[in-house]
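Here we start with a single chain on its own, the form predicted alone, put down as structure tokens.
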């Protein structure tokens, strides 16, 4: 780990510890915006990491940004940091300047594009998006749109949108956004193929969710270990019981596997934003969540289900994020399609990432 990355992680950790507290997370479920956390990250340039400085970003690379995001998952940060990163990276790809706006992205499988009808210097926009993360707090929203000249993605100001509030299992805002013949003056638009947009958002969404989930799994392991060290039963700490040790070892293995899978996906993202490592990471991290959550709740027993405890902050997010940007079965279909379309002798390279340079030897 570089010295710069260590400084980023140390600074971000302090901010999350200070502003993403148990009280802040609970209050967010009641509709209170975590403004102190967002403003602190903005003041320290952590919202625009991996965006070039000439476009208004903080510089750095994807690994830096996703290290911050992993901490956000660990501390159950109630802000759209993942969505803002995704939006900023897409804008930067098209050389569009970014800032510290609260951004989110409309993405739903088979969602119909918004309709953009030219009207003078602007467009009349009509469309509806469901399950938009944090829309009620966001300044702007990226959507896929259709114009008379072709398919675009557009950055829309949400001040004129109708927003119907909803939430996921974790209590995070997942809202319905409606633009009903809203005139938008000179919106930020760029032409893009529908398949390109959907694939870009799907893969970057799967990557960010995998990283968030890896952080949350770290947290439930930490909570579980602390609990078994502090609680006594039959005159000795819980961690001294063999059955508890077995559970902790299993949970530690799932957390480590998820973290490693997410790290491989992060490493591959800059070279190939549609790499198989992202698909495999979402599969493995989802599986780890499915196995890790029951273990943590079983070890903590009844106390782990209470609202007063913090375990549910992580476990409910893991259950929610598991279904976002692709379930295990959906990503397994993607990997299967890649396997079925491999060139001859391509399996070894797919599994290992090592090119097969072997040649057939002629037998005389």
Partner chain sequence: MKALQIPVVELPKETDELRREIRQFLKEEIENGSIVPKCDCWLSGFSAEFSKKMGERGWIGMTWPKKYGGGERSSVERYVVTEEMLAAGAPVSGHWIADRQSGPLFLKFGTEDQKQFFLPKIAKGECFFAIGLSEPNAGSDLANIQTRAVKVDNGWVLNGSKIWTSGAHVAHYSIVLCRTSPQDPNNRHAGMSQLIVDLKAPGVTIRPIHLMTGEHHFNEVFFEDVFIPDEMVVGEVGNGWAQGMAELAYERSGPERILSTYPLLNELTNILVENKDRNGLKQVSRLVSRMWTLRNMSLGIAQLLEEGVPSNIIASLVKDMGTKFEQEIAEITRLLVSVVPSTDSESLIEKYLAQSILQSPGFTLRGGTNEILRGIIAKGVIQQ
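Residue numbers count along the first chain shown, from 1. Note that the structure is a prediction, hence the values are computed from the model and not measured.
As for the form predicted together with its partner chain, it is not shown, yet the points below apply to it.
Trainee: Pick from 151, 168, 245, 100: which residue has any heavy atom within 4.5 angstroms of its partner chain in the predicted bound form?
Mentor: None of the others qualify; the residue that does is 245.
Trainee: Among 130, 239, 93, 199, which has any heavy atom within 4.5 Å of its partner chain in the predicted bound form?
Mentor: Among 130, 239, 93, 199, a heavy atom within 4.5 Å of its partner chain in the predicted bound form occurs only for 239.
Trainee: If contact means any heavy atom within 4.5 Å, which of 299-307, 52-60, 321-329, 33-41 contacts its partner chain in the predicted bound form?
Mentor: Stretch with heavy atoms near the partner: 321-329.
Trainee: Would you check, heavy atoms only and a 4.5 Å threshold, whether residue 13 touches its partner chain in the predicted bound form?
Mentor: Residue 13: no, not in contact with its partner chain in the predicted bound form.
Trainee: Should residue 333 be counted as a contact of its partner chain in the predicted bound form, where contact means heavy atoms within 4.5 Å?
Mentor: Residue-level check for residue 333: yes, a contact with its partner chain.
Trainee: Would residue 227 show up as a contact with its partner chain in the predicted bound form if we use heavy atoms at 4.5 Å?
Mentor: The answer is no: residue 227 has no heavy atom within 4.5 Å of its partner chain.
Trainee: State yes or no: in the predicted bound form, is some non-hydrogen atom of residue 293 no more than 4.5 angstroms from a non-hydrogen atom of its partner chain?
Mentor: So residue 293 does not count as contacting its partner chain.
Trainee: Taking only heavy atoms into account, state which residues of 208-234 are within 4.5 Å of its partner chain in the predicted bound form, ordered by sequence.
Mentor: If the 4.5 Å heavy-atom criterion is applied to its partner chain in the predicted bound form, 208-234 yields 218, 221, 222, 225, 229.
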